[in-house]
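Next comes just one chain, in structure tokens: the form predicted alone.
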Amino acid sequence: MNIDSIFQAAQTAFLDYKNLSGKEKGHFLDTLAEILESNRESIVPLAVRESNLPEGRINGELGRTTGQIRLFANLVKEGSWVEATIDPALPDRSPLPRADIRRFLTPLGPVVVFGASNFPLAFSTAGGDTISALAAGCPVIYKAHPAHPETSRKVAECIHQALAATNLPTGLFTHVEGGIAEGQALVQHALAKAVAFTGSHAGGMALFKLANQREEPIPVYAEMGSVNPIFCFPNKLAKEIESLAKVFVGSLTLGVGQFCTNPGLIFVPASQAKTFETHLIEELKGIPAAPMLHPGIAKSFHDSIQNLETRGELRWIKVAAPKHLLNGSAALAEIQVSDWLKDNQFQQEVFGSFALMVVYQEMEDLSEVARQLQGQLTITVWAEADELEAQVPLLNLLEEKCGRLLFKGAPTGVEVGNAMQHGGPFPATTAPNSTSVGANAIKRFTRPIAFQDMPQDLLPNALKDGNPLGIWRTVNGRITME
């Protein structure tokens, strides 16, 4: 593998691709979605075999993958996402004239994307990071995850079919396999302009440090996990304790706990802890051990549980099944809030179906919890309306600690849409001002550029007088389609 030639091809492709219209980029993405759908019968069995995920889940994930591709296709075809902003010249302004200044978002250049282990399709080869980068106008050098190599190769073939069908250069997408050394070399290459990663805290931080040690540091958009706490308020729990226990266990065990949004913490008032525990035990009875994604994840899960079993502060409600090469089962332990507050280890993610039920005495305990809580992808609050009104300061604290604050349901199930925020303060991610899911993910791979007194003929169409693209723009501080 000649990494330099890969980046040179990507850079050459970039200089042409960045200037294509949104309609042309959208056509390429639509074509890719169609090709992936036409290859469903060959892609799904590969992903099932390599990931141990059921066929229904993989079929759904392929649908999510093509759905998010079409989301970005429509976004770039419409075009307003570039945030075109125009301050026309005011030559007669006093005391000083104003120059003509026009600003929009422009793509960064070649992007390195690392595939995720827990989503062999939706966060992998043609997943959200790859597609949002391509939609922005950036070539992608994709580092395949070793957990599902054949699936990744097959999807990469589909991407190249789409490039060929739309007469785009092959350098826009390169599929790279290998280990840590290859990944490091990609991040360190001078032509790399950004990195996207979904995975462990250790992996994300290693890439983040590497990127910041370069002669030219580059952004790393690393989504590194979360324990996604749920806060149960007394009145809400009293009214719906059985149904909420069911919702919690369903979310905890979904996908054998291998989503970044599975809840790993739940805060329960002491007066209701025993009753809630009884319902949790009942719900957990019907959930057997199931295969995890690969033996490495299963080993990490069992090792984490074994380490926690040495902690005297924990009372085990449900112990995990004996250590197994591949299977994982649900585990649940209780801890008093006073003990939880003393040690940040109890905030560390266990990737799998494990959660801590933290028992609190007073609502004031939750304010201290919120102050000490690390950054999360999600936080969920189960409360009645009057309870929320009485705890606005607590809600304000929680708002500072997450990317998505929920008041109904459970955090699993991330909608791929325009308003979704899938990110959060460190250590959930390295870039809390961005999202890795939804339309706004495109902005990670852009930077703003302003043109001052540029001749009309040279301006990008998004910034020309007369608005030839017919997009929403901000002109003189007013949002308009003029």
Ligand code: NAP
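One-based numbering along the sequence shown. Everything numeric in this text was worked out from a predicted model, so none of it was measured.
Separately, the form predicted in complex with the named molecule exists; it is not shown, and the next lines address it.
> Select from the listed residues 79, 255, 234, 203 the one whose heavy atoms reach within 4.5 Å of the named molecule in the predicted bound form.
Selected residue: 203.
> Report the residue, out of 102, 302, 404, 145, that has at least one non-hydrogen atom within 4.5 angstroms of the named molecule in the predicted bound form.
Filtering the options by heavy-atom distance leaves 145.
> Which one, 235 to 243, 90 to 98, 289 to 297, 405 to 413, holds residues whose non-hydrogen atoms are within 4.5 Å of the named molecule in the predicted bound form?
Result for this chain: 289 to 297.
> Residue 198 near the named molecule in the predicted bound form, any heavy atom under 4.5 Å?
Close contact exists here: in the predicted bound form, residue 198 approaches the named molecule to within 4.5 Å, heavy atoms only.
> Quick one: is residue 110 in contact with the named molecule in the predicted bound form, heavy atoms, 4.5 Å cut-off?
Residue 110: no contact with the named molecule in the predicted bound form.
> Should residue 114 be classed as touching the named molecule in the predicted bound form when contacts are defined as heavy atoms within 4.5 Å?
Yes - in the predicted bound form, heavy atoms of residue 114 and the named molecule come within 4.5 Å of each other.
> Report yes if any heavy atom of residue 178 sits within 4.5 Å of a heavy atom of the named molecule in the predicted bound form; otherwise report no.
Because a heavy atom of residue 178 falls inside 4.5 Å of the named molecule in the predicted bound form, the answer is yes.
> Residue by residue through 222 to 257, which ones have a non-hydrogen atom no more than 4.5 angstroms from the named molecule in the predicted bound form?
In sequence order, 223, 224, 225 come within 4.5 Å of the partner.
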